[in-house]
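Just one chain is shown here, as structure tokens, and it is the form predicted on its own.
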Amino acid sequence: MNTMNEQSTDKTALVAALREILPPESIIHTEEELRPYECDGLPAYRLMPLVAVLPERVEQVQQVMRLCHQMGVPVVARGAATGLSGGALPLADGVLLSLARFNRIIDIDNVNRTARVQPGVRNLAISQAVAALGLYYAPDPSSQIACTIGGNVAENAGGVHCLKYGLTVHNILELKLVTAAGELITVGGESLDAAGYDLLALMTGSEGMLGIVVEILVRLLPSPERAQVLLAAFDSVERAANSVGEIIAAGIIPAGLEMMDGFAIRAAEAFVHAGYPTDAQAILLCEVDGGNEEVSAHVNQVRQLLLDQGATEVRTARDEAERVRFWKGRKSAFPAVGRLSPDYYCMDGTVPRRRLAEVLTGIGELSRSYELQVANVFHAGDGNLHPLILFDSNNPGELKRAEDLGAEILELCVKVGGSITGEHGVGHEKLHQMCVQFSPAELEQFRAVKRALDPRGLLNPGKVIPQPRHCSEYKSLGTDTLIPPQQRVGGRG
């Protein structure tokens, strides 16, 4: 009872202090109002924040951070909460700082091909705003209709076109951030290079651990003269996977090179009617773009290469509408699979292209071992896998089984020379696997960077970088030592 009273007193004092900074409608503190903030796109982890705030100006973000720094209150920043690794999971004793109201495109510079935007601007909205100028913003996550550019920066998001045009880090020039102590700093700049350490790269993908992004200068690209998509069907996942390396080896860098297995194909086709061959065991979507003559030559070259690699059918999109439809099927794969199972667990690992077939075979073996279906959808060009593990959390132990299967998949990625994440981040989900991928000395360097920029550890604590005791416990016990029972739902704990 005393603990509850102390927490209530702390909350009362915090809310009273926040009211000196923000209008009442920008402070959310009742249980009913806080419920929508309890998780991000990984709803298996849920926790109610102590308070949520929705500032509208940079000065307000600074004041909130100064207050929390003074009171020792941790802060978790949140965008659209489409993240899939629990990165925006709030803290029961902390402030959830939403950037949803930072949703303006501040400036578009047609000459320099840049746009200055606030973090709450949706990814797709940037391309829509500059389309009339013949420009677009290249990174295009599947959630681009909803995800925000600030969240993209936090996770270093990619998308189906990242093979040729890169991740978020390759498409931004400058960030303005508020530090844990409430200071406003700028990293990067409008020029191609900036003096000093490359803090722009450090901040991109830092998952809200090092600062809160309040403004972004993004790079815009000219829309290609022509883009053409080929759809290749295969009677085996291995043949499709092996074709990926052959395309790259031929000297062609597609704008997008995506793969789906038979389960994902049938789910997507039933959902969006993209025109996929439902009898195929795998399909590759290969988009080439550029000048008209270059695209024609590459389309013919890729078509022949795919047939030589055993494709049972190769189709070229007949027009722009069919090209969009082919991509819509791929980008709708996650919700399509979600229609077929009460729950699914989306993984995110990366492997060398030459090991794709081997890893996919391994995932199939693990799927059978755990008696859980897995649908494979991934950015084949850069080896970024997104296995979707189907389960039903209403069945006792099934969620735990799905998590264990996911852990083995990620550790398989590391074993073949890959990584535990390609674009979804580590967040709360992959702390265990950080212990597998990195040595104790490497993890200590990460902690040192965190201490240098956030000495009190108030920004998104408990995420991304495990403490030494966590790694020793995981490696010795292999249990859920990093996930407190109160943060787990669906029969966990």
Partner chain sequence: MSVAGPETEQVLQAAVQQAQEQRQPLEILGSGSKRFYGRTPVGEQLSTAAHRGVVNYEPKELVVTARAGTPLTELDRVLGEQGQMLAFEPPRFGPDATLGGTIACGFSGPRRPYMGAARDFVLGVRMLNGRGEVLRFGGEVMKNVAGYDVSRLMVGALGTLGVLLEISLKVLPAPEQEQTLVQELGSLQAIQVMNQWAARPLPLSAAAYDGMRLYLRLSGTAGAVSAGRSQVGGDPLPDGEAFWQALREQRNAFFDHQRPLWRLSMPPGAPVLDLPGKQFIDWGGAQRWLISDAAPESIRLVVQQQGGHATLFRGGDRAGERFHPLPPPLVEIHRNLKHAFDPSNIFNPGRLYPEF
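Positions refer to the first chain, counted from 1. Bear in mind the structure is a predicted one, so any value in this text is a computation, not a measurement.
Although not depicted, the form predicted together with its partner chain is the subject of the following passage.
- Contact check for K450: a non-hydrogen atom falls within 4.5 Å of its partner chain in the predicted bound form.
- Taking the partner from the other structure, its partner chain in the predicted bound form has a heavy atom within 4.5 Å of a heavy atom of P222.
- Taking the partner from elsewhere, L431 is found to have every heavy atom lying beyond 4.5 Å of its partner chain in the predicted bound form.
- Although the partner is absent here, G182 lies well away from its partner chain in the predicted bound form, with no heavy atom inside 4.5 Å.
- Looking at its partner chain in the predicted bound form, residues H170, D193 and N384 each place a heavy atom within 4.5 Å of it.
- Between its partner chain and the residues G362, G418, G120, P277, the one pair within 4.5 Å by heavy atoms in the predicted bound form involves G418.
- In summary, among the residues L50, C435, C39, V464, the only one with a non-hydrogen atom within 4.5 Å of its partner chain in the predicted bound form is V464.
- The candidate stretches are 76-84, 313-321, 112-120, 143-151, and the one lying within 4.5 Å of its partner chain in the predicted bound form by heavy atoms is 112-120.
- In sequence order, T350, V351, P352, R353, R354 are the residues of 326-359 having a heavy atom within 4.5 Å of its partner chain in the predicted bound form; the partner itself is omitted from this view.
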